[in-house]
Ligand SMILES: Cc1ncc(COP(=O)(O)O)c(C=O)c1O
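A lone chain, given as structure tokens: the form predicted on its own.
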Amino acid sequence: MSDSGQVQELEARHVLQTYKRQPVVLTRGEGTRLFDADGRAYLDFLSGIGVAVLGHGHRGLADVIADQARTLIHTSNLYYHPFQGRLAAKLAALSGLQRAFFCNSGTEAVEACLKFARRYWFSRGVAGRTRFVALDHGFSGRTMGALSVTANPHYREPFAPLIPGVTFVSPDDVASLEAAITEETAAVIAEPIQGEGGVRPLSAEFAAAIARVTKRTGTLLIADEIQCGLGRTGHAFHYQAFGWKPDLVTVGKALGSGVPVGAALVAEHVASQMFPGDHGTTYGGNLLATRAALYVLEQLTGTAAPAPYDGGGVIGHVREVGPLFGERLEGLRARHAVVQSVRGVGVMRGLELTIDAQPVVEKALAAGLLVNRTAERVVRMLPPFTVTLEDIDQAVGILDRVLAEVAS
């Protein structure tokens, strides 16, 4: 049996079978390329589901991680260390929200924000303001709280009953949004671009309605930026494109470029209603994760100083290649009837097909391109922020051939 076969056989016997893995064993990465156990190269347009934003094998990030691992990895949140405050200040400058709670993933950030929203109203003595409004097609994670504000019944039903008091509204229906938000609503949670739901940007009209209704009613707004945030769309956070002023923001994926780290960003008026013991984590904000995240943000923004984003760094590169990426994908739509629409912004893109997307994903893999399927008919692409126009042209060329093949 080959080494790849041994890896897959061992997992089949001992790893809980909750993932439908592609039959490839990846062992090494360099830039926008991944390599399997047999040495074959793949152009990575998934980046670990939106995570490896600096690409693979990034020497600077590797050096920072190695140095910190040799120095000190973890001490717990019972003590101070040099990096949490610096990282929080950097995120505050980028987001406009003054404080951060550090955790280990985007899902944990959602859990924290749901708790903080309820604690806010409790601290203010407002009884019964405990409900949430979330959006159809939205996805916020798989823990019980995050799952409770995730719309897809396929994810929800096996684990019911979930946290009660969640109302889902269509992201195309302003009237339903206005009706759903009542004096019992603690917060609205919304992804500016719905990732798992099929790379669906909120319309300008609906985004404006969220801002208007939450402001009028005093309802807290949680912007879920786990997938679209920290530069993937060319904005530091995509809610900024809508003019939102959220009370809470969830951050994950891109923040560590592969090192597990997440954050709940909290506006000062909400933070003032939180107290010691309200939330906690053993690993969250450890030295290794926060130092890595600081380095990643320095690369993304082009500066180590806490300051509002001014258009530089790797995010500036995204602003350059993102529109060209969209143009190349629109070319596919023009050439292939099977492509129904092109969605997304920056380097967060989806091809909505008239057929199930899985055959396209599988044939792309065989041709050396990593993409994935979401919302059944969408080919999702989340390449590293460092992706070049040459990479984009190569990926589009592969998809061109694959789409012609599946349509024949």
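Residue numbers run from 1 along the displayed sequence. Not measured: the values here are computed from a predicted model.
Below, we turn to the form predicted in complex with this ligand, even though it does not appear here.
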property: This ligand in the model of the complex: contacting segment from 155-163, 298-306, 104-112, 84-92, heavy atom within 4.5 Å; result: 104-112
property: Contact residue in the model of the complex, from 139, 132, 237, 325 (heavy atom within 4.5 Å of this ligand); result: 139
property: Partner-contacting position among 293, 210, 226, 248 - heavy atom within 4.5 Å of this ligand in the model of the complex; result: 226
property: Contact of residue 232 with this ligand in the model of the complex (heavy atom, 4.5 Å); result: no
property: Those residues of 229-267 which, in the model of the complex, come within 4.5 Å of this ligand by heavy atom; result: 253
